[in-house]
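The chain below stands alone, shown as structure tokens; this is the form predicted alone.
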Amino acid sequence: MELTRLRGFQDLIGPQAQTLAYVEQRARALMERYAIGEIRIPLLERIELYQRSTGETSDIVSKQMYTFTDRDEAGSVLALRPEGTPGVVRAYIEAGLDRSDPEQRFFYSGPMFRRERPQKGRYRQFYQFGVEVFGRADPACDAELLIMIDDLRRDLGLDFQIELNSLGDATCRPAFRAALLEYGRQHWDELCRDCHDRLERNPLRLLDCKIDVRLAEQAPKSLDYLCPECRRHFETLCDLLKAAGVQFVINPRIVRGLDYYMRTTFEVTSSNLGSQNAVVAGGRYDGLVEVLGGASVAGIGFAIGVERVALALHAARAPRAQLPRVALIALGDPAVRKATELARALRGLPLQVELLSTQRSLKAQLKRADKIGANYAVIIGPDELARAAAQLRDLGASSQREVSLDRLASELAGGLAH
């Protein structure tokens, strides 16, 4: 049997992995500026966590989760996490923070798993970088998260569009739900099979159906049913975003595919991608902590699709700062010892340093230096070693000069400054 990777999974090798790491690094740097701490949650949770939070009518729970029965947990059904928010909320409650210190700000990163139909930008194992904020019900918190996303967009040099909606709350949402239910019943013969199955249980699913798009566009809009408090919240959010210079559009079809959202919901799309163009999504979930057994604490968050942002970077050919690369070439065993010592010293500079194979000729090592995109080659042979020197070759300018070994680091540092 030929051993190959599973359908919908991918191997990330070299530049692909580096681009994902770059997106995560930029996001992590942003978290420090916004004073948001890290949380790490398990890959496995009991299936009930997602049934009670994400919702049994959601596509994630009804169709997409990877589950199995655990022999060591009294027959418990476990699930590979399909999203991050429920696990973060569970950890928050289990640590007692919902009662002892409700206002918390966390970020998480790592793989998620959904058994979706694979296509470019949609994989069965994918990576998310997410933020969850607890204990804040004010629209200024909603605005801060969206400004944060816009900061990341600018940092990466990408063009994103923020799309906003409000789903209302327990006061006004029932009227909107009833209007959608009635609308769905009136158009029953035009609905797809999935919408038939979930109409009575959760009519909001009509709005994010990928098949009944035309019907969704003509359906009742949640903004028309907002109570005064929810309308005030949404209008304040829009005003704060305008004050911060964040561009956005209002999209009444955004309900998100998860049951726990209320009030603010949003998606962020990239113009550089195809049909899978959503790169960030999130919203407010003020009732979720209580649903999962905690105190009545407000919450809001978002998740970034790291692969999709990486694809957007590639499509836009967005410039990305990279450390200059140095190829160390040693000719002969004595030179290898010195080059090994030198490599460690040079890695103290903002450089990528690779010691090339000493079993190759000088010509072959120079070809390798060119192949890996090295900016400089440092060549040490018997003659250079005798003079305590190295040949420093600028591969871009095709120039070469001899530099003493004790000045090599400062010479390279000087080149970086220019």
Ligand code: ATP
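Being a predicted model, the structure only gives us computed values, none of them experimental. A residue's number is simply how far along the shown sequence it sits, counting from 1.
There is another form of this protein, the form predicted together with this ligand, and it is not shown here; the text below is about that form.
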Of the candidate stretches 236-244, 109-117, 190-198, 336-344, the one with residues having heavy atoms within 4.5 Å of this ligand in the predicted bound form is 109-117
Hey, in the predicted bound form, does residue 123 get a heavy atom within 4.5 angstroms of this ligand? yes
Is residue 281 close enough to this ligand in the predicted bound form to count, meaning some heavy atom within 4.5 Å? yes
Check residue 303 for me: does it contact this ligand in the predicted bound form (non-hydrogen atoms, 4.5 angstroms)? yes
Hey, in the predicted bound form, does residue 90 get a heavy atom within 4.5 angstroms of this ligand? no
State the residue from 153, 308, 136, 205 whose non-hydrogen atoms include one within 4.5 Å of this ligand in the predicted bound form. 308
